[in-house]
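What follows is one chain in structure tokens, specifically the form predicted on its own.
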């Protein structure tokens, strides 16, 4: 087990800066997840930590030791890849023990470590099978087992669940978390799936265009995003946004949404008259009460919950470029969503009342996109 430290690390490919001033400290035994849209630099940061990519500047330390110029084999790390990387002609036993064999470990010790890892991962019945006789989830556990037997200072995982179907992905991510808690090994995990990040991590690092946007726990990122990008990226469905002016009339601080008043925190009184971007999460919208009225454009029923779609009032949408997402982000700037659990049978075209609780409104600077407290 070990701490991990990035100190002003940068990575450039010619004139393109893939990573900029990357500073991060990961505690001993912590499960840290790098998350962000495609091209944000998360895999590049992991590869530099693994020694698979050289740093352009800065330093990396593992367990207090500077490993910036060391090769992968000298960093005391074990890596789990997206594609399993198993030898098809070897049994599970041989696949798990291969790395130890190459390092000259005695056969008895290799067998002991493999047996123990197989027990932890519930792979004992499959030790003499070859990978083609296993399911995708079992193959991923074999890849994890190969890392476990190394007893490294840190586990590095690069989107290890991407090849699994949705149901198996949910099951396997919970198994990885339980395994990491049991072993207590410092782990760094890369994913583009913010749901994986929120459900697995002790510490989440949100990245965009090679720059760390915010570091914190799932609760911190969900409740107190530092800017518009983090607010829109974290959460499923994502946060709703609309544009408006902060107003202060007779001591009441508010903005308007479609002509109706939305109360705002008193701390914004000094900003009266200024434009801002307002956000509220779908699960925080209260239906059936309040003075805000809208017509539902689409009702999605998910069994126990419903996603209600309605339009942002004319003139209050924000430009899609302000979300600062990548091309894969499917966000409609003119539509908002409410996430509801109740017994009402909502219908497309229905007119409903709703309320935006003052304590759940997020406010962002219209120029810098930084959160306003």
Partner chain sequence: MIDFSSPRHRHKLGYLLVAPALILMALIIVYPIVMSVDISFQDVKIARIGVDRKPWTFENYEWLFTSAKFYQSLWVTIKLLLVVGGAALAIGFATALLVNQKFKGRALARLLVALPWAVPEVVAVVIWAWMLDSSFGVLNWVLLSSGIVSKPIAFASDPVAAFASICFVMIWKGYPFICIMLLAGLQSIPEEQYQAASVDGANVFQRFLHVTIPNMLPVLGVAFIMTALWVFRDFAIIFVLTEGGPIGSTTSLAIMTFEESFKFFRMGQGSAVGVITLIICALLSRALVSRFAKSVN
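Residue numbers count along the first chain shown, from 1. Predicted model, so just to flag it, every value in this text is computed and none were measured. We call the rigid core the largest set of C-alpha positions that still match within 1.5 Å between the two forms.
Same protein, other form: the form predicted in complex with its partner chain, not shown, and the subject of what follows.
Each of 52, 83 and 89 having a non-hydrogen atom within 4.5 Å of its partner chain in the predicted complex: is that the case here?
Checked in the predicted complex: all three residues contact its partner chain.
Which one, 181, 132, 119, 252, lies within 4.5 Å of its partner chain in the predicted complex by heavy atoms?
Contact residue from the list: 132.
99, 216, 237, 263: which sits within 4.5 Å of its partner chain in the predicted complex by any heavy atom?
Result of the distance check: 99.
Partner absent here, but in the predicted complex, which of 167-175, 142-150, 221-229, 193-201 has residues with a heavy atom within 4.5 Å of its partner chain?
So the stretch in question is 142-150.
Closest heavy atom of residue 285 to its partner chain in the predicted complex, within 4.5 Å or not?
Contact check for residue 285: no, nothing within 4.5 Å of its partner chain in the predicted complex.
Spell out, yes or no, whether the shortest heavy atom distance between residue 212 and its partner chain in the predicted complex is within 4.5 Å.
Taking the distances in the predicted complex, the answer for residue 212 is no, it never comes within 4.5 Å of its partner chain.
Does its partner chain come within 4.5 Å of any heavy atom of residue 103 in the predicted complex?
Taking the distances in the predicted complex, the answer for residue 103 is yes, it comes within 4.5 Å of its partner chain.
Contact flag, residue 259 vs its partner chain in the predicted complex, heavy atom cut 4.5 Å
Close contact is absent here: in the predicted complex, residue 259 is far from its partner chain, nothing within 4.5 Å, heavy atoms only.
Though the partner is not shown here, which residues of 53-81 have a heavy atom within 4.5 Å of its partner chain in the predicted complex?
The stretch 53-81, when checked against its partner chain in the predicted complex, contributes 72, 73, 77, 78, 79, 81 at the 4.5 Å heavy-atom cut-off.
Kindly check if the Cα atom of residue 92 is displaced 2 angstroms or more between this form and the one not shown relative to the superposed rigid core.
After core superposition, the displacement of the residue 92 C-alpha between this form and the one not shown reaches the 2 Å mark, so yes.
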